[in-house]
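Shown next are two forms of a single protein chain, provided one at a time as structure tokens under the names structure 1 and structure 2.
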Structure 1
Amino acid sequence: MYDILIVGAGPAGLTAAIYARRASKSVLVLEALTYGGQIVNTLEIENYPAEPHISGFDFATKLYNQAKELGAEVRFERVTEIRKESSDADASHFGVITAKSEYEAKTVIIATGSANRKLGISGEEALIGRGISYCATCDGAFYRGKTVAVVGGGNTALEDALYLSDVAGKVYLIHRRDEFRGEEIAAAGLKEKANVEFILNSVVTELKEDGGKLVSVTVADAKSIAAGEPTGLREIPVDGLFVAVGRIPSNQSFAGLIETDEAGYIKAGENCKTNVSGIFVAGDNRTKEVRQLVTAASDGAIAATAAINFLNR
């Protein structure tokens, strides 16, 4: 039986592993795909304290090696279910089921992150990091003085467009309706920006590339797409496209046991405690305001400390 079983080897999970091992707890990290989480898709990280320039892959590898060198065991298996065998004030015991095996742990930290909702159009995957980004704060600086477009109408899209308007030369905001889901005050702020142009009632239908890099997006009238006959086609030359059409928290395997909000994020405050005693959550898959690398690492430290205190109580 492990003291702390961590689901997810992204920045939150691996930071939790470092803290747990430094407190001499036995640790198993279970990861479905590869270590590092979504940060491995980031070409360059420029906003992590004391690391002014590092690739996402190098950052993730350093973090992974640090956790391993401290003695964390890592296995690449997808968790399909967590079972509460017992969880009370005196003892907690969980069964963690994967496609290959079943593990037992006294505490569990869920650090499975979230996935970007994709536009789902041809060429999108291949152009990630080559003109397509899902994070303006991470990648906006690479488009200084250039032309970019943001897709979406929620708070993320509005904030991304506002952020990019101070960095890029020109920002198009493409949204499928003429009303924004995001806050009115953010939309009003954007209307004041001379370099921001709204393209409403429109959806992106095509991405064009040259030499493996995005060069333009084509939009069409949203209603015409629904009717199956695209009209109002317009090709817009851009250097970058920021897709901000929402995120999908990776919490599907824990539904039923752990309480989530309407959007599927695990309900927890800054103490990272879930509704189940002995289960903690860290990183992008919990309810929170700021989802960044540094806040994921912070959550990892908090969740591990909470689990350590729980075990030592």
Structure 2
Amino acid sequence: MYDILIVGAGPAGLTAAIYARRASKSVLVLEALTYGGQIVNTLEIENYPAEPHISGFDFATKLYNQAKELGAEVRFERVTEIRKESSDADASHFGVITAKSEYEAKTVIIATGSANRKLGISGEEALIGRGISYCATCDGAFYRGKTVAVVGGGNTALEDALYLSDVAGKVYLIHRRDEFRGEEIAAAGLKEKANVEFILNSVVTELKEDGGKLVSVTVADAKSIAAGEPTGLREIPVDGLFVAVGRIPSNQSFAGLIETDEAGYIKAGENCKTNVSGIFVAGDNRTKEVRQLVTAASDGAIAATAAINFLNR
């Protein structure tokens, strides 16, 4: 039985592993995909203290190696269920089930992050990898000198458009409102780009393909869509569409055990404690105001410390 089992090897989960191992607790980290979480897709991190110019992949690798060197055990298995095996709040015991095995732990930290939110338009799934992408830094190089569009109005969308403006020949930035939710400095930088065109108060309503590849998107006035009568239709020829319309918390496997809000985020305050004694949450999958790399690392430290104190009591 492990003292602390961590679900997710992103910045929050790996930071939790570091803190837990430094407290001499036995630690197992279970990760469904690869270490690092969504930060591995960031070309350059500029807002993390003392690391102003480092790629997301390099940052994640350093974090992963640090946790491993301290003795954290990491296995790449997808967690499908967590079962509470004890009703005693002072002697917690959890069964953590994966497709390959079952593990036992005294405490659990859920740090599963979030997944890309899709547009939900007909043909979207079929065109993933054939013109539709959710990661500009991953796939932008395939569109060098071509025409692309970015959908979204947050920091990710603005950063994607800025990155693509240096790669693609033309970049359309499509947003359903007339103001962006992302940082003003990023939006200001885009306005100075001659090859970037803003398409505001608009939503993508249709995807067109030819030979199994995306060839154009159709946009309509956002207010008319809400009214049920699309107007202002415009077809825009594009080679690629980069979707950056938010993320969905990866908490589906734990919804029956842990309390979540209406959007699916695990309810927890700054102490990272859930409604289940012995289970903690860290990172983008919990209720919070700011979801950044630095807050994920902070959550990991807080959740691990809370788990350590729970065990030591």
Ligand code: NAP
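Basically, rigid core = biggest C-alpha set you can superpose within 1.5 Å across the two forms. Quantities reported herein were computed from a predicted structural model and do not represent experimental measurements. Residue numbering: sequential along structure 1, first residue numbered 1.
Source of structure 2: the form predicted alone. Annotated hinge between the two structures: Arg247, selected from Phe142, Arg247, Tyr163, Gln292 as the site between the two rigid parts. Think of the chain as two rigid blocks: between the two structures, the small block swings through 50° with respect to the big one.
Superposing the two forms on their core, we find that the Cα atom of Gly152 is displaced by 4.6 Å between the two structures.
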